[in-house]
Every structure is written in C-alpha cells, then in structure tokens.
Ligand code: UGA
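Just the one chain here, laid out as structure tokens, in the form predicted alone.
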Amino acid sequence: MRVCVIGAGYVGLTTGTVLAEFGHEVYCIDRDEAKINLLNRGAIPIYEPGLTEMVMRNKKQKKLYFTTNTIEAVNKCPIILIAVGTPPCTDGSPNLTYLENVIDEISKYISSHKTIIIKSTVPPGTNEWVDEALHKKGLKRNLYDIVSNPEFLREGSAVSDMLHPDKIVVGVKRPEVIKTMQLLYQNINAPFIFTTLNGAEMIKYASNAFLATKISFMNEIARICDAYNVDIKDVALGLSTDPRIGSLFLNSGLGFGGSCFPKDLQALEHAAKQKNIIPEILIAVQNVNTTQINLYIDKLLQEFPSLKNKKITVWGLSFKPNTDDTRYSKALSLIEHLKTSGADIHAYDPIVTLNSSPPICHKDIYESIENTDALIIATEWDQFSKVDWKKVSELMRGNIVIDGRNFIEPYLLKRNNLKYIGVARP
C-alpha cells in the first residue's frame, strides 16, 4: 500500500518508518525543508533507539521517502496519515492549527478516494470536525473516510511499541474502512479495538490520564510513607502483586514530564470544563505532580540551609531515559528551582546538552561531580546505576546524593561514605 505520512516529527517519523518496514511504500511529508534535507542525508533529528538503522534500511530499499511535496504524495497515496503536533495553548486546550492547516491543504488535491487517518492526539469531536470541514470545502463524502487511530508510543521504546503494540485502536464512521486498517497493520499481531471517532479519541486521553494518575498516586503515597518511615519500594511491591493493579507506573520520584502526559491532562481537563464538568481527579493529579519537586528541594535545604554558591550537580536532563526529549522535563524544572537559590549548577546527560548556562553541561560524567557539594539524580538512565560510587565519593567535595527517581540501591552509596536521600527510602 502507498501511504502518505504528513508530519515527520516523533510520531510521524517512527510510524512511517515502521510502516515501510512492513513493506508499504511510505512518503513522509514535512514543511520544514531543513528537517527533510537532514533526513534525506540519513541524519535523524531525534534520538530513538533502533530508528536510525531502520530509516537507512528502508531508504536504501526505496520503501521510504522524505519530501516537502504534498501534492505529489497525496495524489500518489490512497492512505493519508496525519501526525502533526497539537501543542497546548495557554488555557490548556490543544492547539489544532497544524491539523487545520493540513486539512485545508490536502482538501485542494483530493480527486480520488482517500482514507485519512488522524494519528495526532486530539480532543473528542476533532475527527468529526475534520469530516465536516472536508465536506464544507466541497469534497463529496464518497471521496474520503476519516479514521481516528491514536498512537501509544513511549519515547525510548517507540520502535518496539510500534512493532509490538498491545492494541490497535481504530475509530470509524463506516465499517467498510475497517478492512483497509487491517491491511495496513496486517504485520502486527495485536487485537483491534473498533469504536467511534469520539471513542478512539477518548481512549487515548483516558489511557494517558490513568497512567499519570498512577504516578501521582504513588508520589502521594510516598509522601505519607516518608512521614512513617516506610520504604515505598515495599509498598509498590505489595501493590504490583495485585492483578487488579499491575506493576507498571508504580515508581515514585520527581513526577512525570514529556510531551504527552502534561498536555493531555490539560487538554482533557479543558474538554471536561467545556461541558461544565469539573474533573477533580485530573486536577489533583496535576497538583501532586507540580509540587513533587518541592519535596526534593526541601530535603536538600535540610542538608544545606543556604544553597548560595554551593556546587550542585544534576545527572539527567531528558524527561525520561533513552530519549533526548526535554519537554516538561522534571530535571529542567528542578534546575529552575535551584537557579533562584544562587547555586552553582552543573549537569550531565548521556544525550542532551543544553545551550544555556546555567547549568554548565559536562561531556564526562565524573568531571561533572568534581568538588560538587551534592549530586541529584533526576533521570533514571541505566548508566547512572552502574557508576563507580567509590570514585564518585572521592571526586565529590560533599557526600549528599539525592535520588530523584528512587532507583539506586541505598547500600551502594552508604558503603562508599555517601549519604543517600530519596523519598520514602529509609
């Protein structure tokens, strides 16, 4: 099948590349000429394990193309997959400008039947709006089908998630388009969930909201555990063995960030309020997440009544490991808090380097902690759990290590004369 993917960002690039891997002929479209030129030279603008190799392989096999020519790609391809960004507006609602622009543009070129798949995360009612918008622009409804097909990709494991999803959610208006979607994803062994356009949109938002709720719930439980000298890891283990709860998203720490959870919670809250519904749980989830950093700052201030001129090193800048994405990164929020205290801030991340200073970014992990008074681990990169703690102890001026992700074993630090501080890790 020939597929036109509009939007060569994180979702579009990963989705298009994997569809090419499945044997489809894929044309990835983006208005950003610099990005397209970069991709055509074989350079990938994002860090995602396994993606570069797959892009190069499918380009070589002439199954994957990158272009700015929307007209040619739309004319060639019976399937148009839209994966443009929907960033938040100041009021929390998603900005649908990019999607609206795409719909306006492709409506001018459609002369044969197209299956238009909306991969972008959009609020309930958006796909219905797309259907109406195309009709109002003069397109007969026998020329297109609208499909809501939200993505469930996790940064850092997106290629694997696309190859081996736990489900494929498809919202349709006409059952006839179901066969097209089954052919598109025939290489995937996963159950299909067929629903309405609004239903598919809500499944995406509800999924992210529930996972974010689990994180904030565990962070609130960790606060209580901290007060009662209870190890949160024991509580998490107890919960994880309950099949009604499961083991995922039970880690406590600095809180969630990234491009999905924060904006999707805001969007769902906004959508609810549009219907005069006050989503108390969603609001509470966001409040817990926003205030979580304060716990770690307070613990640092218990060790140093003043942080002025103290050298503080932060390990991790991305919002999670195995990605270079810093959107809504809790590490960066932490650094912003530290800036106001007058601390001398240094940082190390295996992938990310910031252009602004502070912090001073180091290329070597051990160099970043030379003569530092305190180390804060803000992202759970696997590399951080395998460092030589004896060497760390020798290089540091102080001995404070704050584990912002509760993923380092405290005894490893204690036996090297380092003071481990987490939340609810007695």
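In this text the structure is predicted, and so the values were computed from the model without any measurement. So that there is no doubt, residue numbering starts at 1 and follows the sequence shown.
Below, we turn to the form predicted in complex with the ligand, even though it does not appear here.
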(request) Could you work out which of Y98, F261, Y144, Y296 is the residue within 4.5 angstroms of the ligand in the predicted bound form, going by heavy atoms? (result) F261
(request) Go through E155, D226, D344, E269 and name the one with a heavy atom inside 4.5 Å of the ligand in the predicted bound form. (result) E155
(message) Since only the chain is shown here, I'm wondering whether I193 would be in contact with the ligand in the predicted bound form (any heavy atom pair within 4.5 Å).
(response) no
(request) With heavy atoms only and a cut-off of 4.5 Å, decide whether N251 touches the ligand in the predicted bound form. (result) yes
(message) Under a 4.5 Å heavy atom criterion, is R405 part of the interface with the ligand in the predicted bound form?
(response) yes
(message) Quick check on Y10: any heavy atom within 4.5 Å of the ligand in the predicted bound form?
(response) yes
(message) Heavy atoms within 4.5 Å of the ligand in the predicted bound form: which stretch in 147 to 155, 331 to 339, 351 to 359, 127 to 135 meets that?
(response) 147 to 155
(message) With the partner left out here, which residues of 311 to 332 have a non-hydrogen atom within 4.5 Å of the ligand in the predicted bound form?
(response) F319, K320
